[in-house]
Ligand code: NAP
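Next up is one chain by itself, shown in structure tokens, the form predicted alone.
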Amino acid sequence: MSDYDLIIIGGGPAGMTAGLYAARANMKVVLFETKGTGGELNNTDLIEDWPGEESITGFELGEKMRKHAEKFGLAIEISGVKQVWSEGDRKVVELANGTRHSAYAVIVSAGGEPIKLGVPGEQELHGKGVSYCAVCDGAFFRNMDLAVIGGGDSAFQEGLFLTRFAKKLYVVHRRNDFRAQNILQTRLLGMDKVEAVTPAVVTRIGGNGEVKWIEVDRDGKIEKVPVEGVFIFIGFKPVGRHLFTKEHIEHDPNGYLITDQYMRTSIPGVYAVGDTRAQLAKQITTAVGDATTAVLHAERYIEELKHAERAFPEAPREEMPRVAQRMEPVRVEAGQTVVRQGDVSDAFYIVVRGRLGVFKREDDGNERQVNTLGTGEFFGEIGLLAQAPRVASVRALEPSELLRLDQDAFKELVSVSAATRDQLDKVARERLAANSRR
């Protein structure tokens, strides 16, 4: 089993962006992709809404992304992922060939797969006139009558590509109104060779071993439209949630993974980006934005997890991802007071970088420094364990970075780990004894 900081599942725009950022951050990262990098880019002819490129093919943009990420050291392996599950403080990723890898965090950018019509003839004639990729198969249908099924951006983009080859192109949609962008509608429906068939529902695809016609129900009337190729673009269903067979991951009724603003899923250490997560727009631009956010947060999460494990060496490893996810970074300037003697004990702190002084106010009102805390040390446990006010003040001696764990999360941890409570009790007693001798 190979250990990584981060594993990325899926090599579309989101996955490759995540890989680029992770590699640039010098993380130990690998990207697993089932077929080849590019994802749905490889099924898209022209892209004209990617900033900086007035017009570029999907394949060309995908190749640029791949080369950019590999330039900074991203390892890409062509291998399908079978399942993912949590094991202790790690995520285990099992590949289709049975090989297993582990990482502190996983980014799921697996996208989706075409939704089928589910009508007679579709499965039987798949590859014999039925296709879900115009860019892949369009050239095989030169000078033929074709049909595009769907009314969204994908259907119209693929339809525009098919007009290069089709003698006539029917656009079949179940509603009169199309969901595609107006500019795409104007381009496609304005062509003489293009005819809209609406509102119409495909009920059967037929032929003699190859597609020869489709049957549509239009306003209750069954019509047979002669075509030799049917290209279906009625949407995609996400595949990300199907990777989690051993534990529940929250998703919406359509199967899209639910995330917060940091792309975190309901499983600590698992992020979802791009078309596999629930969101408003499924665009290349939104996918790469998702990935950027996810990697930046995952990098922070991994660092916080490692700090938490050093602070709580006796805690069960399976508890640490939840602890790390509830930690908040805090930056303080020299001279800034973090906790004040006599205040309510409401949080536990770990020093990530810098130095802080512990100051105790005497009976005469004067304050003296009783301790100095550096990287890797912690404070705040005395008041939390005793459920009492702060026994001392802690002030930054230089610009410092801390991790803050709220009192509820702290209580949960010590309640499930007697060894951790014993560890912190020992530290608290030693500190109180040392302070009393000064």
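Everything numeric in this text was worked out from a predicted model, so none of it was measured. We number the residues from 1 along the sequence you see.
The form predicted together with this ligand exists for this protein as well; it is not shown, and the discussion that follows is about that form.
Item checked: Heavy atom within 4.5 Å of this ligand in the predicted bound form - residue from P321, G129, G150, G138 -> Filtering the options by heavy-atom distance leaves G150.
Next item on the list: Only one of K71, R142, R179, R368 comes within 4.5 Å of this ligand in the predicted bound form by heavy atoms, so just point that one out.
Entry: Looking at the other structure, the residue within range turns out to be R179.
Next item on the list: Tell me, please, which stretch of 334-342, 230-238, 130-138, 262-270 lies within 4.5 angstroms of this ligand in the predicted bound form when heavy atoms are compared?
Entry: Correct option: 230-238.
Next item on the list: Evaluate R174 for contact with this ligand in the predicted bound form, applying a 4.5 angstroms cut-off between non-hydrogen atoms, and reply yes or no.
Entry: Close contact exists here: in the predicted bound form, R174 approaches this ligand to within 4.5 Å, heavy atoms only.
Check: With a 4.5 Å heavy atom cut-off, would you call L188 a contact of this ligand in the predicted bound form?
Finding: No.
Check: Are any of the heavy atoms in L117 no more than 4.5 Å from a heavy atom of this ligand in the predicted bound form?
Finding: L117 belongs to the contact set for this ligand.
Next item on the list: Indicate whether K282 is a 4.5 Å heavy atom neighbour of this ligand in the predicted bound form.
Entry: Looking in the predicted bound form, residue contacts with this ligand include K282, since a heavy atom lies within 4.5 Å.
Check: Judged by heavy atom distances of 4.5 Å or less, which residues of 29-52 approach this ligand in the predicted bound form?
Finding: Only a single residue, D49, comes within 4.5 Å of the partner.
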